[in-house]
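There is one chain below, alone, in structure tokens, taken in the form predicted alone.
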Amino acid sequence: MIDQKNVAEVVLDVIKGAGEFLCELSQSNFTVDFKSKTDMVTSADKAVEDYIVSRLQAEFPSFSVFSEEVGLLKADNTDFLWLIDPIDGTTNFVHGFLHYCVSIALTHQGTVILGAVNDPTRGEIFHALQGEGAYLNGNRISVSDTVSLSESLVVTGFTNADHPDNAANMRHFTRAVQACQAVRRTGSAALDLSNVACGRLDGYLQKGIDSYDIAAGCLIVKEAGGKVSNLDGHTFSLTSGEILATNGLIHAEMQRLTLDQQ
């Protein structure tokens, strides 16, 4: 088995460097391409991804990698897999809206054992190690103590305009607006989860989401004392394409927002 604390130290150094690199790139003439009519990728995404992958592969050459732009890079040890999103919130980044981040997670046989999220515009690095708690800039964090949905500030996300999950997301959003104190849509799943973990938000839900967007954040929420499941309340799976994450106290109420018989 690996020395998880040593791996965590390396990851924190890598994600710190990636955030600094991203800040430099945000001031440069980066290029923008379209994977679809609403799904953008920039030269900055690719440059940050190259930086992260090259550093992690140099340190842990036997681990496999799955990253948003390069896809799956198999190595000798398929039990360990990096899940990387070089810029979670690319649309925000392109428009100069300062709400985006770098996300790195490590899974062992499909279970997330380490997660780190760097919000370089605010100088905040969230991280968690399985069984060791969740931290923001080295300080322990915990979820909120809000006990009812009517007093909650929650967040959701939407897939690309033509995605089949958008109809369900719109239904959930409408119900949440009616049931919660307020609802936000920020455009970065990894930051949404990190903000649930530190108590700024009380819950997050989305249907139609990729594993690299939520892998790090889901562990950070759980290690901060929160609860993570699929939308139906069943055991969370990275490959399900959906997530419900809360402080635990409002989990059942939020889960009911997703029931289509309402």
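Bear in mind the structure is a predicted one, so any value in this text is a computation, not a measurement. One-based numbering along the sequence shown.
Form predicted together with D-MYO-inositol-1-phosphate: not shown, discussed below.
Partner contacts here mean any heavy atom within 4.5 Å of D-MYO-inositol-1-phosphate in the predicted complex, and among 144 to 152, 181 to 189, 120 to 128, 71 to 79 they occur only in 181 to 189. In the predicted complex, F173 stays away from D-MYO-inositol-1-phosphate, with no heavy atom inside 4.5 Å.
Proximity of I87 to D-MYO-inositol-1-phosphate in the predicted complex: non-hydrogen atoms within 4.5 Å are present. At the 4.5 Å threshold, heavy atoms of Q206 reach D-MYO-inositol-1-phosphate in the predicted complex. Interface residue remark: E49 is not counted as part of the site for D-MYO-inositol-1-phosphate in the predicted complex, having no heavy atom within 4.5 Å.
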